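So here's one chain in two forms, each on its own in structure tokens, numbered structure 1 and structure 2.
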Structure 1
Amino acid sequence: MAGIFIFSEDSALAKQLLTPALELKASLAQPITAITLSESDAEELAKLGADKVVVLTGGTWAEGFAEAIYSQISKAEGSILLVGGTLRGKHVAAYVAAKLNAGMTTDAKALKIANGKLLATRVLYAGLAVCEEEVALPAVATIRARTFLAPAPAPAAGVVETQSAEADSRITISEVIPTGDKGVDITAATKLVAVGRGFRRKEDLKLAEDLAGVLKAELACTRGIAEDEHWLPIERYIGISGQTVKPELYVAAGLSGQVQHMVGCRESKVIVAINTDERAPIFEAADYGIVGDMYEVLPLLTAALRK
């Protein structure tokens, strides 16, 4: 077996996958091959450390490209495949793992080689436990967005080649219709203001919106705000079954900080909590805490920052 492979249809996530791939390369002394569907991403992936970049063209989304990715790894007798943990990425990872008869681990937080096997660190039970999974090579692992930062440019760029993927005759795409969703991707935001059930009315969210505007931050929320009250779209919900974020600043206003929510934001660089209950769990995770009525605190913060 020789070769470490990475794949993600998400441009930013594909670059992030190169960081753990480079760490594995140092242990295995095997080249990195990045597989992409985007010609525009290929050159940059080559400059960030991929020894070879394969641009797949043609094919149909899931079955066609998944088969082509499997074919690339099988021919090279690849040892590890790292896949971006998107919905589509997980489909590809499962397909390739089954075809390779390989072990698979999901949502890995850290990866290393131990005793000739892939050792993956994962978070379990909404962040209450951490486990290590040992997977024999060849192995497949999925990694969520923003788990790693993209690496610095490499001293020398890798080679880029284009290969066609055979279309699956069973599938015909007759029309593509945009969803019309204009929501922001909060996983890419560097600053977030998150709101919880401490807000009594939907109109009161303007207090958080004003603060977010001054901070040039995006608005996020807990599950109750998105799924129960429907005050904000589901794309802004942070938690175990929602989005996982890693911003530079996370302001939590009017939310208690239950573990189901914190698993989605616990890796924020700085957490600022505002709550009337000094015993709220959010303060255990917060770097800075304000015990007070957010209806009074938020306008004061906004006014102070405007100055």
Structure 2
Amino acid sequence: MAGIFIFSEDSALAKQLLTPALELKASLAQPITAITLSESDAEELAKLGADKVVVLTGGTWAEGFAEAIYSQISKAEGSILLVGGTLRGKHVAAYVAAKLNAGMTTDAKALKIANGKLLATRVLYAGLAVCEEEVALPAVATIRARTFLAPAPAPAAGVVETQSAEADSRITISEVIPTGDKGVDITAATKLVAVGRGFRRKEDLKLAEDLAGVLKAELACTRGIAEDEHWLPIERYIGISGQTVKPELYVAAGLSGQVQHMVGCRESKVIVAINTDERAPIFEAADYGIVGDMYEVLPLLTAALRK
């Protein structure tokens, strides 16, 4: 078995995957092959440490390349596949893992080789617990964006080759509608005001926007606000299935603080909670809290901070 493989359809994430790949290369002494669907990513990946880059052509729908990616790895008898943990990436990774009859860690954090196996840190029960997962080789892991920084350029660039692949023709994509407010990256915000189901109407979010305005913060939310109510774009929801953020300040207003949400913000420096229910779990997770009606508290807080 030889070869460390990486794949992500997301350019930035593909580069970040090279960092853990290079660490694994140091322990396993196996070359890194980056698989990509983008010609323009290929050069860059070769410069950043991929020994070889394979550009697969023949389609644009990443999931449709799962079989082709599997055959690249099985041909080379690859030992590790790291995939960028986007939803598309997770789909591809799980498909390939099944074809390889391999174990797979979802949202792996620290990765290393121990006793000839891949050891990765991950969460269980949506963040209630943390564990190490030991995966026999060949092993697959998905890694979320920004878990690692992209590496510095390597001394020598790897080789790039292009191969045509057969994409899954059983599925037809008829429409793609881009979503979200491009340009706002809430993971880069130093302060966030997060809203939850305690808000009764979309218009009421104004109270949180006003506070965010004086704090120079961005708005974030729970899954329900984005996915069920559609009051805010999904890029703004925090949690196990949403974004992970580490701001200096996280103000949680009218959200209960369930673990599935908190796992995405619990590394914030200071967490502030405003909730009517003194027993809401958010208070255990908060540095400072106010028990009270945010419809009353938020305008007062905004006014006090404006001074």
Ligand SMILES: Cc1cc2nc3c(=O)[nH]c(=O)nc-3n(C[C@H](O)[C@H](O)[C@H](O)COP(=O)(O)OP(=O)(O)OC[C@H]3O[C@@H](n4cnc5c(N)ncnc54)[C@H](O)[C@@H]3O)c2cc1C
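Each form is matched to the other, and the largest set of C-alpha atoms that superpose within 1.5 Å is called the rigid core. Residue numbering: sequential along structure 1, first residue numbered 1. What you are looking at is a predicted structure, and each value in this text was computed from that prediction instead of being measured.
**Q** Please identify the form predicted alone: structure 1 or structure 2?
**A** Here the form predicted alone corresponds to structure 1.
**Q** Does the distance between the two CA positions of Leu298 reach 2 Å or more between the two structures, the core being superposed?
**A** True for Leu298: a C-alpha shift of 2 Å or more.
**Q** When the rigid core is used for the superposition, does Phe148 move between the two structures (threshold: C-alpha shift of 2 Å or more)?
**A** Moves: no, less than 2 Å.
**Q** Taking the rigid core as the frame, does Ala12 move its C-alpha by 2 Å or more between the two structures?
**A** No.
**Q** Relative to the superposed core, what is the Cα shift for Thr172 between the two structures, in Å?
**A** It moves 3.8 Å at the C-alpha.
**Q** After aligning on the rigid core, report the distance the C-alpha of Trp231 travels between the two structures, in angstrom.
**A** C-alpha displacement of Trp231 between the two structures: 5.3 Å.
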